[in-house]
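Below, in structure tokens: the form predicted alone, a single chain.
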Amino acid sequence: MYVARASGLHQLHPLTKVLTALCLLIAGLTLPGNWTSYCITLLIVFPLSAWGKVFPNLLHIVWIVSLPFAISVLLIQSLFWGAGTPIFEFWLFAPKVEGARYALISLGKIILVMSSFLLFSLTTRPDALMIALKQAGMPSSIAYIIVTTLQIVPSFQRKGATILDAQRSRGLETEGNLWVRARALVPIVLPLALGSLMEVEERAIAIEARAFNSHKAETSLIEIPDTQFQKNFRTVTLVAMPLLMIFGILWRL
């Protein structure tokens, strides 16, 4: 998902961006107020994405991913809320105002989680993140798992598009009614699953060839710039996150 840009956000240390994203998530989920998540997204996440010159990319992905969630959450919560004030009544359907309001609040939290994660992914190189995590003392295996998790969705998308083009070139019908698309699912999913299993073995051979499990100090060609201000900011963020969680728990009690 990384989008190369010449921006100040891209130049920040990866750990600074990781902790910022986590702090925004915790603040949106713990601070009081039904619309806090929307405020954090609109007033912090979106301006940060504009600073990083990835706002159109972020907005496009958030819109595509959140639209199915929005439709399903609104329908389920408003139609099956139970007792409440109906928005309108038509036959068996009577969506409730309280259900729609709860759905909008839940959707705000979903959008905040997605936008914070996507902002970090769009502005952080995976290799720089892995190096930063290892330099911070994290075991190589855990750092590799984190970076691989960030790359798994784009990797599956690329493989799926390649397999789809290959099957189309062989005459497979992938467009049409629901039955035609269902029949095309197996010839696409099966090579994708087998290819992923083969890639696991290839990755294992590659990381072993690079002395991944060696206990000696590693060097890197990539220099990750860091400043004292960012180090202080990370320290403050680490302290602020548990305080936010404690405050959120006490507020609810």
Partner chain sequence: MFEKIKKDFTTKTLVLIPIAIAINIVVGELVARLKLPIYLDSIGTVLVGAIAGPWAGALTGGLANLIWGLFTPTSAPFFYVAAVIGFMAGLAGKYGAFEGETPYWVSVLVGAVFVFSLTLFVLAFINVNVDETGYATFPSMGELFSRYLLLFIVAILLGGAIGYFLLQKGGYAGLWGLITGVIAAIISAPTAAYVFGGVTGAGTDLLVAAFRASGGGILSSVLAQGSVSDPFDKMLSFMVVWLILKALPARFKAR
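Numbering follows the first chain given and starts at 1. Predicted, not measured: the structure shown is a model, and the values here were computed from it. Between two forms, the rigid core is defined as the largest C-alpha subset superposing within 1.5 Å.
There is another form of this protein, the form predicted together with the partner chain, and it is not shown here; the text below is about that form.
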His60 within 4.5 Å of the partner chain in the predicted complex, heavy atoms: no
4.5 Å heavy atom contact, Phe93 to the partner chain in the predicted complex: no
4.5 Å heavy atom contact, Phe69 and the partner chain in the predicted complex: yes
In the predicted complex, Thr149 touching the partner chain (heavy atom, 4.5 Å): yes
Check all three, Leu42, Ala50 and Leu133, heavy atom within 4.5 Å of the partner chain in the predicted complex: no
Contacts with the partner chain in the predicted complex - residues in 9-39 whose heavy atoms fall within 4.5 Å: Leu29
Cα displacement of Ile87 between this form and the one not shown reaching 2 Å, rigid core superposed: no
Core-superposed comparison between this form and the one not shown, Arg203 Cα displacement 2 Å or beyond: yes
Threshold 2 Å Cα movement between this form and the one not shown for Ser141, core superposed: yes
